[in-house]
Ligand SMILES: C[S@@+](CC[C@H](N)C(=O)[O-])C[C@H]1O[C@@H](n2cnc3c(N)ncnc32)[C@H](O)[C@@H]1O
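Form predicted alone, single chain, as C-alpha cells, below.
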C-alpha cells in the first residue's frame, strides 16, 4: 500500500508509512524538524552560509526533503559550497508520491528535479547507485540526460542520472552531487566517498520499528566514515540509541528539539565539537548497556 500524504502543522507535507506504521517526519512540522535537527543543530546551515565544501552522509533518503532544504538554504544564502551528498534507501518511493510533496513551496523548481531522481531510484535494482548533479539554480535545470555524474568511481552498479546546467563549469563552481544507494545499510560501501563525512544525517525510522539502524555496528560504520570533527544529528533521544553511539566511539549531547520534541541528539568523534552543549553521562550509558548492546 502506498504511503499516505499528510500536511504537517507548519504547512509542509510528509508521509505515513504503512510498512513501519510511522510518519516520515514530525507531524508538528516536517520542514521545521529537518532544519532544526539536521541543519541548525549540526552546523550544516552555517557551513553552507560560509561557503565551505561539504561531504555528508544520510541514513534514510526518504522523500528527499533534506536535498530540497539544502538547495533552499544554498539559494537563500548564495552559497558557493561544493556538496557531495551520499544517502541510502532500502525502500524507495515512487516518483509520483514524491511529486505530491509539492517541494516547490520550499524551493521553486526543485519538485520536478527530486521527482526525477525518485523515478530513477525506484526503477533501480538493489545494489544500484543513482546519481544527480545540480550545478545551477533548480529553476533552470534541463531534463535529465543518460550517463554518469562526474566524481570518483562508484563501487556499486551505476544507474546514472545527470542533471546539470548544460555548460562547462569552472573548477570552483558550486554544485550539489547526490548519490543514493538502493539497498540495505549493511551493504552500503562508504569507503569510496570523496572525503570523510563532515555531517551525518541519521534519519532512519525509530528504534522500535527499525532497530537494525540504531546498533553499535551501525554507528561504528558511520564513525569510520566520519571526519574527526564531524557532526551527526538525529531526531531520536532514546537512551539505548545514545548508548549505542557512545559504545561506537561517538561523544553525545542533547539539544533542544523542534516543536513536538523536547530534545534531540547530536554527536561527534571530537568531544570539543560539543563544547557548550549538554553532554550525556557517557560512562554511565556505556556501563549500563555494554552487555546488552555488545
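Positions refer to the first chain, counted from 1. The structure presented is a predicted model; accordingly, all values stated were derived computationally and were not measured.
Here the subject shifts to the form predicted in complex with the named molecule, a form of this protein not shown in this document.
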Worksheet item: Quick one: in the predicted bound form, does every one of 43, 56 and 84 get a heavy atom within 4.5 Å of the named molecule?
Response: no
Discussion item. Taking 4.5 angstroms as the heavy atom distance cut-off, pick the stretch from 70-78, 105-113, 127-135, 182-190 that is near the named molecule in the predicted bound form.
Written reply: 182-190
Discussion item. Between 269, 29, 60, 257, only one gets a heavy atom within 4.5 angstroms of the named molecule in the predicted bound form; which residue is that?
Written reply: 60
Item to complete: Only one of 204, 222, 178, 118 comes within 4.5 Å of the named molecule in the predicted bound form by heavy atoms, so just point that one out.
Response: 204
Fill in: Heavy atom of residue 90 within 4.5 Å of the named molecule in the predicted bound form
yes
Worksheet item: With the partner left out of view, is residue 233 within 4.5 angstroms of the named molecule in the predicted bound form by any non-hydrogen atom?
Response: no
Item to complete: Consider residue 35 of the chain shown here, and say whether it contacts the named molecule in the predicted bound form, taking contact as heavy atoms within 4.5 Å.
Response: no
Item to complete: Tell me, yes or no, whether residue 97 is in contact with the named molecule in the predicted bound form, where a contact means a heavy atom of each within 4.5 Å.
Response: no
Fill in: Contacts with the named molecule in the predicted bound form - residues in 209-226 whose heavy atoms fall within 4.5 Å
210, 212, 213
